[in-house]
Every structure is written in structure tokens, then in C-alpha cells.
Ligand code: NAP
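Only one chain comes next, encoded as C-alpha cells, the form predicted alone.
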Amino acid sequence: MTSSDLFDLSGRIAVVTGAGSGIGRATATLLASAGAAVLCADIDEEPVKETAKIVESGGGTALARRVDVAERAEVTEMIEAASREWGRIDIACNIAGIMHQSMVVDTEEVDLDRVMAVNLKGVFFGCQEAARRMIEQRSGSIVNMVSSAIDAPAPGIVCYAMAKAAVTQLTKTLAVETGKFGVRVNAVAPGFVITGMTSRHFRLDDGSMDADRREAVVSAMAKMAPLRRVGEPDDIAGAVLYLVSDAAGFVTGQTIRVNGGVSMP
């Protein structure tokens, strides 16, 4: 096989959650550029429609769908919609997630439940529905988005970190259960990446960005990485493309750490 063959996704069907922005949007557009037809899902309807338009403007094929991954029925319908439209599902990327900041002793149960509903149960539902169809067709690739928080504890993000750690174990368990059916399951653990989620560090109360604070945050985070820079959504999308492609045909149950070298477990 040539290098082009290894990364060619022509004829494959992908579902990407969190596709309205950031890593999800970068992943959806990159998979489409590699030839996949992509169902773009997000809880924010207008941004995900824009993602689908970006894909189509580049000559790709996409559908946009509003989905709340915390609702099992909506996840089930999302997977069924892709199957109805294209007859199968080859790739599932569970990227949708939310952040909540609080110290352990100050965390309210309602906030813990909200983060777990999206970041853990939402991924579980996505894995479950995609895996059922992939087992039937004896092929497929699932990629779950975790975080460098699984390796390096940090104050104030306990709900997020707990959910991501659980998804890491979910990824390994599902990989063991589905491998004999030709299904691969892996995870990507980004470091600090400039997205709407991380912009909370330099977003003002009115929603605008503080340029000086942004520079200070980005500079500080870059100094922590051996590569001396922070990540961009495209950095993470590239790792996803590798994992769902034939180049990773012998890779399953792994967590790829795309973090500039911040953690090296």
C-alpha cells in the first residue's frame, strides 16, 4: 500500500460528535477531506450546520444534526440516521464534552451529574450504539476524546478529570470486547489546545477575549511543553485520522497522548 492508500477514507461513513467547533470541527473536516462522508453532530445547531457547510464547500459529503449526547435516545437516533443515509457506520468519534471548574470540597452534586452525563455517559452511549452496528458488520473504528488530565492531576477540574479517566478505561474494555469482531477502539488525550473550552482562561465576563491574558496563558502553557508550543485543533484531528485509518490497522485499546510532551507516562 502507498501512503495515500493508508490514509484514504473513501467510501467510509463517520459520525463525529462535538463537531460544531474546536477539535470536533477540525476532525470532521479532516476526515471528510480524506474521503469519508461525515455526520456532524453537536448540541449547538447553527455551528454544526456551519461545519457541514465547510465540508461541502471543500467537495466533501456531510450531514448536520443537533444531538445532546447526554440523552441516550438522541445518540441512538444519531447512529440510526447515519445508517439510514449511508447504509453503515465505519467510524465513530466521541468528542463532545463540557468543562466545570470547582474544588473537590466545593463541587455540587448537580454539577458532577451534568459533567458525567455528557463526558462519560454520552461517550458510553456513543460507543455502545456504534459498537453494536460495527460488530454486526465485522469492522469499524471508534475514537474517544480524553485529556492529559488522566495523567496529571490539576486543581479545580475534578469532574472533568474523573470522567476522562473513566472513558480511558471504557476504551480499553470495549477494545477487548470487540477486537474479535474486527472493531478497533482507541482514545486521544490532548494537552492544552486552543478551543472554546480552554478560552475560559482568558474570556472576560462579557464574552470578549482579553488579549494580554491570552498571551500570558498561552506563553505559560507553551513553556511547560518540550515542543514549546500549545496545541491547535488540527494537531488532535491528525491523531484521530491516523487511528481511524488503515495505517493504524493493528492498533487498539491505546491512548495517544498529543500534548507536546507535557506528560510521558
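Bear in mind that the values here come from a model prediction, so they are computed numbers and not experimental data. Position 1 is the first residue in the sequence shown; the rest follow in order.
Absent from the display: the form predicted in complex with the named molecule. The rest refers to it.
- Taken together, the three residues G22, R114 and Y160 all come within 4.5 Å of the named molecule in the model of the complex, as judged by their closest heavy atom.
- Stretch-level contact analysis of 176 to 184, 94 to 102, 126 to 134, 81 to 89 against the named molecule in the model of the complex, using heavy atoms and a 4.5 Å limit, identifies 94 to 102.
- Contact between D44 and the named molecule in the model of the complex is found at the 4.5 Å heavy atom cutoff.
- In the model of the complex, the named molecule lies within 4.5 Å of some heavy atom of A70.
- Using a 4.5 angstroms limit between non-hydrogen atoms, M224 is distant from the named molecule in the model of the complex.
- Not displayed here, the named molecule is kept clear of L63 by more than 4.5 Å at the level of heavy atoms in the model of the complex.
- A single residue from the set T107, T76, T195, T168 has any heavy atom within 4.5 angstroms of the named molecule in the model of the complex; that residue is T195.
- Residues in 209 to 230 all lack a heavy atom within 4.5 Å of the named molecule in the model of the complex.
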